[in-house]
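One chain comes next, on its own, written as structure tokens: the form predicted alone.
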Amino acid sequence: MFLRFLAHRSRFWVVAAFLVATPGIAAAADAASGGATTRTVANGNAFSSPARNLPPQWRQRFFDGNQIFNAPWAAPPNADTPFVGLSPTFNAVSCAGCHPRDGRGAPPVNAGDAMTSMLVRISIAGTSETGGPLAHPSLGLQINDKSVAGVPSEGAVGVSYHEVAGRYGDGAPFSLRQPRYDYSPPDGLTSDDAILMSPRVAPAVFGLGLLEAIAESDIVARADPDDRDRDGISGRANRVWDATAGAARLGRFGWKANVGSLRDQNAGAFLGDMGITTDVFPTENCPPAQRDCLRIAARTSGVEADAQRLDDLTFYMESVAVPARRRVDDPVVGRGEALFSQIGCAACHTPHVVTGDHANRIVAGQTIQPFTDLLLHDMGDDLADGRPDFLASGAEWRTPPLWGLGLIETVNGHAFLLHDGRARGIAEAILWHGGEAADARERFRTLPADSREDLITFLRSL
């Protein structure tokens, strides 16, 4: 772990010896989920702090990026704000609109409620020229449920739930919330049964620079697509088209590891979520069938978020601190952490990794605890969306990082988990696991009640 990393660097031998001799300092090292970027902030700002090792001369750029992340964008023409370009259909007016306080979005709680920090990806059968999902001819790749004046939105998706009852091995009852989605297209736009839909809640955005700095070789080395070791876990790497690089590369961001770089992720969100063009995606988000959208878009020229703004936003998202683990010396947390490995959770939620090189030096060479392998895993029919994304099948999802898991409720005021927020807490999220994770789920389900609580206590400490 951290000590092993230090031992590789001769100038840190004295520090390493000091840590070994000082249990309190060693515990602090175990708490450092994001290596030297880690901040011990456990309040509502836990997902928004600058990395602890951010040099003072870089702080202004961090706050410039933070302003871009939080600023509401206006539709052109507008002389009252420097953030102009919202057009013509969109889901939110700011990055923070979907990622409140840099944290996790939530699904609608009640039937009929609008989606505010959740969106629906769509496509039709087939693949695009770059190997990704094939856009719906009338709607594109995402349902934009809001629009500027004079342009109809792309309709709305509603969600309703029904309860699915189950029991733990000791007979205690539980209930899982099964979602159902209904799409209401606007007049004049075509929708049919062939549309593939994937509802997705916005994830938290801290620690992304560290994930980008993990060496591709380290990620691929963990893949076992043919399950040669016969442990039932067959993680696969996604290969995606990266518009920034103009080439295929390893996917590591997004719910299906369908984006290869943080800059591409930001440019894609600018366009898909807010209708803002960049040098990566310079064409307005208007499918050919949407004439009013095209008419309004024709009034503007040039990109709406220039390269400097995109780079500043990317720097900001590279440099947000990871919150520290808490209660690392608590025996209950220790028992839960041991169970986490024993029942098989760590097979996909890889606890430790050392980052490699990165242009942003604060995230390079860090020993981190993201609890993800960044690989695709078949999670079974119950969680499948049926929508392929590059090499990801309709049942495969990227292992989500678990760092900061126990602070979601503090920061964002809810405990909804999984890609569509169906789980109302950690236990429900585990119980939805299927496919490659079915054995681990069953081991959890059949644990004694006190052991289940120990495991959940550990996860809440992350």
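This structure is a prediction, so every number in the text was calculated from the model and none was measured. In case it trips you up, residue 1 is the first one in the sequence shown, and so on.
The same protein also has a form predicted in complex with ligand HEC, omitted here; what follows describes it.
Q: When the contact criterion is heavy atoms within 4.5 Å, does F62 count as touching ligand HEC in the model of the complex?
A: So F62 does not count as contacting ligand HEC.
Q: Against ligand HEC in the model of the complex, would M274 count as a contact residue? Criterion: heavy atoms within 4.5 Å.
A: Result yes; M274 sits at the interface with ligand HEC in the model of the complex.
Q: Is P133 one of the residues lying within 4.5 Å of ligand HEC in the model of the complex, judged by heavy atom distances?
A: No, P133 sits far enough from ligand HEC in the model of the complex that none of its heavy atoms falls within 4.5 Å.
Q: Indicate whether A437 is a 4.5 Å heavy atom neighbour of ligand HEC in the model of the complex.
A: Result yes; A437 sits at the interface with ligand HEC in the model of the complex.
Q: Pick from 92-100, 323-331, 289-297, 178-186: which stretch has non-hydrogen atoms within 4.5 Å of ligand HEC in the model of the complex?
A: In short, 92-100.
Q: Check each of F253, F390, F315, F281 and return the one that places a heavy atom within 4.5 angstroms of ligand HEC in the model of the complex.
A: Spelling it out, the residue with a heavy atom inside the cut-off is F253.
Q: Answer with one of C348, A106, A75, A213: the residue that has a non-hydrogen atom within 4.5 Å of ligand HEC in the model of the complex.
A: Partner contact (heavy atom, 4.5 Å) among the options: C348.
Q: Counting only heavy atoms, which residues in 316-346 are within 4.5 Å of ligand HEC in the model of the complex?
A: The stretch 316-346, when checked against ligand HEC in the model of the complex, contributes M317, F340, I343, G344, C345 at the 4.5 Å heavy-atom cut-off.
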